[in-house]
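Encoded as structure tokens, the following chain is the form predicted on its own, with no partner shown.
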Amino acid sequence: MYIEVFSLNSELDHYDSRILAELQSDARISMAELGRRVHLSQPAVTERVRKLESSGVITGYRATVNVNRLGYGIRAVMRVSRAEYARVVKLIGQTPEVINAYNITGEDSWLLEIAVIDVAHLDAVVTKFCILTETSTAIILNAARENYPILPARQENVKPLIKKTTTA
């Protein structure tokens, strides 16, 4: 299980970051065990979790599943070119094979992650979207990172790509 992290609260401290990391690794952890891992009492950690939930930082808890164990042998990403927004949203809603859908910037308007049984099933799903607009599909061979815990952004952790130089 993992936790979706939605927004950054500027008042998050080291304990909150550790709590978020632990809960994203195992959302089923007891408050007593969570408190032990982050070095806080059970009541203190419970209160912090409640505050993270009420502030919208923690937006929910859910189980992650292995799509292969559910019978889906292929996962793919599909880029969908520009098409009428409402039509794409409706088709996504009617297509249970779409497990993630992102409206994006750039040449394409949408990036979809789909799970299908086999190549014939992939063809059927892709064809639905090809009727609307141009698509490009790539089969996922291996996931190097998925559901990785995310911690609060810290400005001091951001390194500039270009060093500023001054000339005298």
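Numbers for residues come from their place in the sequence shown, where the first is 1. As the structure is a prediction and not an experimental result, all values here were calculated from the model.
Only in words, not in the display: the form predicted in complex with the DNA, which the text now covers.
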Sort through 114-122, 131-139, 60-68, 23-31 and report the only stretch with a non-hydrogen atom within 4.5 Å of the DNA in the model of the complex. 23-31
Any chance T46 has a heavy atom within 4.5 Å of the DNA in the model of the complex? yes
Although the partner isn't part of this model, could you tell me whether L40 comes within 4.5 Å of the DNA in the model of the complex, counting any heavy atom of the residue? yes
